[in-house]
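Just the one chain here, the form predicted on its own, laid out as structure tokens.
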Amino acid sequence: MSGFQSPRGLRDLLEPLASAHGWAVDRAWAAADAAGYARIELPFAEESALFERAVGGTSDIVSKELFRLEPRGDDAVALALRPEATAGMVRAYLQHGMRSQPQPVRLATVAHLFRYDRPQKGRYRQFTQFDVEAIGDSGPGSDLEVIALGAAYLRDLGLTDVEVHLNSVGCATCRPAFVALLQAHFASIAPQLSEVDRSRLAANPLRLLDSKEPVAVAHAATAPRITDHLCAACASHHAAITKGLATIGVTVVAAPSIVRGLDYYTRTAWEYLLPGEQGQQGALGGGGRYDGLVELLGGTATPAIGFAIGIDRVVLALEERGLLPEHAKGPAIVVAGIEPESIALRIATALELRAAGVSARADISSRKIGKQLEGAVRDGARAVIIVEPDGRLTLRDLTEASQGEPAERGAVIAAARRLVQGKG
């Protein structure tokens, strides 16, 4: 055994999780395609400044979790591995002049992301997210479309009882007054708060609502709700989304503790959770409206909304519920041979079968034919084609334990196709 191990927080995906992961990714792309979201592939690294501006330089993601790349040679631009996809999506929207296209511009990606975070269940330093963004529309219709798309994707995978935990974080008109109320609510227990939460109280009181510290959690339970302090426009927007999701058939749970701490987030914020789960650790994904981000990154004021769903967490939830799809099976046909000289013909036969739509593997060993048959059974093969010394082929049906007579190549390959494809 090698002395090398996969780095902490990074992992190998083996069967059946590898197939389940690939299946969930394929279904994500299919869901986006079906809804008319254009595919986009983003680079693994961006300028560090992009994330510092978009995510916030004082956020944990940037200050503690960013994988920074050291500039080399003439490249003086500081780069970082992407910790999330939205910033790159907005950068691409601006760079490629998508403002001139019909709005909203609908974009989707499945991206490998990287955060130097403490590894734990469902949380890795390399992870994969299904990310959807609708940029250029401020109406509640975009909110409904995006939220419903994520919920439908999860239900389609088998997580049929997924819930949307929904909140509104207001806007620049109504949020400042609510923040002042929240600050006053927590001020009386400021000495009891942790050092981190005391800094949040001073700089960003909204973040106290999603604190994990027991003192803050207990006091948050009696905190004022932002949905009770929305301006008329935000209240109308939130009501339209709540009513619309009910019409669509999406289960909605009011979640006043779901917040987005940065100023460019407005109105809608939500998470996808399964019954009994709560908090970021239990969320399969989430999203929000970020009407101020495009302008923050150098564009003109442009409304936008999107979600990210963690593929790793989705697969974990499927595994815990016994809902993993059947992983990739072995070949339908194994091509075996008696003579070592027949190896090239075995491979050629397997290639011809695969070209005809039949999964096939050539046994290229020099083992006795009995051992090759045992290997085919172990692989779950439906049949074996044996290359005889005279070049003819023999078809052996492993399910029926029957074997035909040696015949010409074309006839045996056709018979194997019919056997596997159920055509008699």
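For clarity, a rigid core is taken as the largest C-alpha set superposing within 1.5 Å between two forms. For every residue, the number given is its place in the sequence shown, counted from 1. All figures in this text were calculated on a predicted structure; none of them were measured in a lab.
Although it is not shown, the form predicted in complex with the RNA is what the next lines describe.
Under a 4.5 angstroms non-hydrogen atom cutoff, the RNA in the model of the complex has residue 396 among its neighbouring residues. Although the partner is absent from this view, residue 188 stays clear of the RNA in the model of the complex, with no non-hydrogen atom inside 4.5 angstroms. Using a 4.5 Å cutoff between non-hydrogen atoms, residue 369 counts as a contact of the RNA in the model of the complex.
At a distance threshold of 4.5 angstroms between non-hydrogen atoms, residue 389 is in contact with the RNA in the model of the complex.
Think of it this way: in the model of the complex, the RNA has a heavy atom of just one of 127, 93, 264, 178 within 4.5 Å, and the residue is 127. Checking 100, 120, 300, 247 against the RNA in the model of the complex, a heavy atom within 4.5 Å turns up for just one residue: 120. Residues with any non-hydrogen atom within 4.5 angstroms of the RNA in the model of the complex fall in just one of 170 to 178, 347 to 355, 231 to 239, 283 to 291: 283 to 291. Of all the residues from 291 to 316, those having a non-hydrogen atom no more than 4.5 Å from the RNA in the model of the complex are 308, 310, 313. The rigid-core alignment places the CA of residue 240 less than 2 Å apart between this form and the one not shown. Superposition of the core reveals a Cα shift of less than 2 Å for residue 253 between this form and the one not shown. With the core superposed, residue 139 shows a C-alpha displacement below 2 Å between this form and the one not shown.
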